[in-house]
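The chain below stands alone, shown as structure tokens; this is the form predicted alone.
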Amino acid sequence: MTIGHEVGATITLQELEHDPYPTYERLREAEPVSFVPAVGLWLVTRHDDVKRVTTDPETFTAATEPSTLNRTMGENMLGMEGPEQQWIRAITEPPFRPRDVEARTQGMIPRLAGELLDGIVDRGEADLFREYADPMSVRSLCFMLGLDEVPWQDVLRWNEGLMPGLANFEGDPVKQAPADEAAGALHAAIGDVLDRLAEEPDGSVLSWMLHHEEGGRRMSRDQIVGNTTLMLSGGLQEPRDVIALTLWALLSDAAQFEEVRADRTLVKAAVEETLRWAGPVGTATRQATRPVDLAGVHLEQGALIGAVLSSANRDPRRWTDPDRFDIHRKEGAHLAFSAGTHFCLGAWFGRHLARVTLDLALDRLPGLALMPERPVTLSGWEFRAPDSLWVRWAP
């Protein structure tokens, strides 16, 4: 059976950026594997097909050509496959294990959250996206990586500059130019820190990557810079957006918000449901290594594929009433952090950061509520996030 691509041909980048979920629903039902000219990808939208694509690297490789990841960040493990990817993963994974994260941070995350809340608590209103989630994410990760000597505002600005390039599947040079400029500045800053760490090793992730040997060799400078850029991109954007999206989802549902406020063990469930329902990272990009049939569609060798994680996480074949946000959902693991050999390296760190940050905000901001006169709007399909989160509380 061969399925047509009439729906894919009509999809625009604008509708994906505005709200991709209605489009994903149409694709899941009519064209679960569909070529979308607007983004130059075959979008795969059903859960089981996405799971297959992300867990079969021999058929669907992450070492794509072209690669928005490698083009924007430099060569990195998310844009690689095979023994070299596994070797880099073996070096970079240990510092992100729970015990190692706790040893490195030593209470830094709650301290930082407390400092940020101290700065706004008496005002009674704030944009928690820009004044809380943003600095929590960037400052925590910079400390973890060993970039805390670099002004966090610069790191945040460079990271925001990278985002259009990472989502530039259509190869638009106008979108790529600021991403390349941001990458150049960030790479230079990382290089300066590496120069210091060469003589003064510390307990940071950067120091570990620079000095650790695996299989009798160390990572090159270029490998460290490219993979640090990857860690910054994912580690800043996803936890920040999960914090903001979870607060927005809860504050939009008074009953569930009160449940979580009263029972903090539900914070974990709220974070996980947000990752499923409104995951900040939309796709995992792969390329067919050989001719293959997927969901009744024949893909030629070299076909570029967007395995749509956010669509898989709302597939009614996998989830009950999937468009509903439900903190009591007990239907197993989502795909927000992808799957297989490219499962997100910082998943535990991101989850931990989001939970602590949310829990302390609920403690310190009584009567927390959205400001209807400053409504939240979301955008993006590859990276989906609110533009702000204006709230008020009883100071």
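Residue indices: 1-based, along the sequence shown. A quick note: this is a predicted structure, and the numbers were derived from the prediction, not measured.
The form predicted together with protoporphyrin IX containing FE exists for this protein as well; it is not shown, and the discussion that follows is about that form.
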Of these, 176-184, 234-242, 321-329, 119-127, which stretch puts a heavy atom within 4.5 angstroms of protoporphyrin IX containing FE in the predicted bound form?
234-242
Answer key, protoporphyrin IX containing FE contact in the predicted bound form at 4.5 Å (heavy atoms) among 147, 247, 275, 305: the residue is 275
Interface check vs protoporphyrin IX containing FE in the predicted bound form: of 270, 230, 162, 224, the one with a heavy atom inside 4.5 Å is 230
So, in the predicted bound form, is residue 342 in contact with protoporphyrin IX containing FE at a 4.5 angstroms heavy atom limit?
yes
Is residue 256 near protoporphyrin IX containing FE? Define near as a heavy atom within 4.5 Å, in the predicted bound form.
no
So in the predicted bound form, is protoporphyrin IX containing FE close enough to residue 281 to count as touching (4.5 Å, heavy atoms)?
yes
For residue 64, is any heavy atom within 4.5 Å of protoporphyrin IX containing FE in the predicted bound form, or not?
no
With protoporphyrin IX containing FE taken in the predicted bound form, which residues across 288-322 come within 4.5 angstroms through any non-hydrogen atom?
309
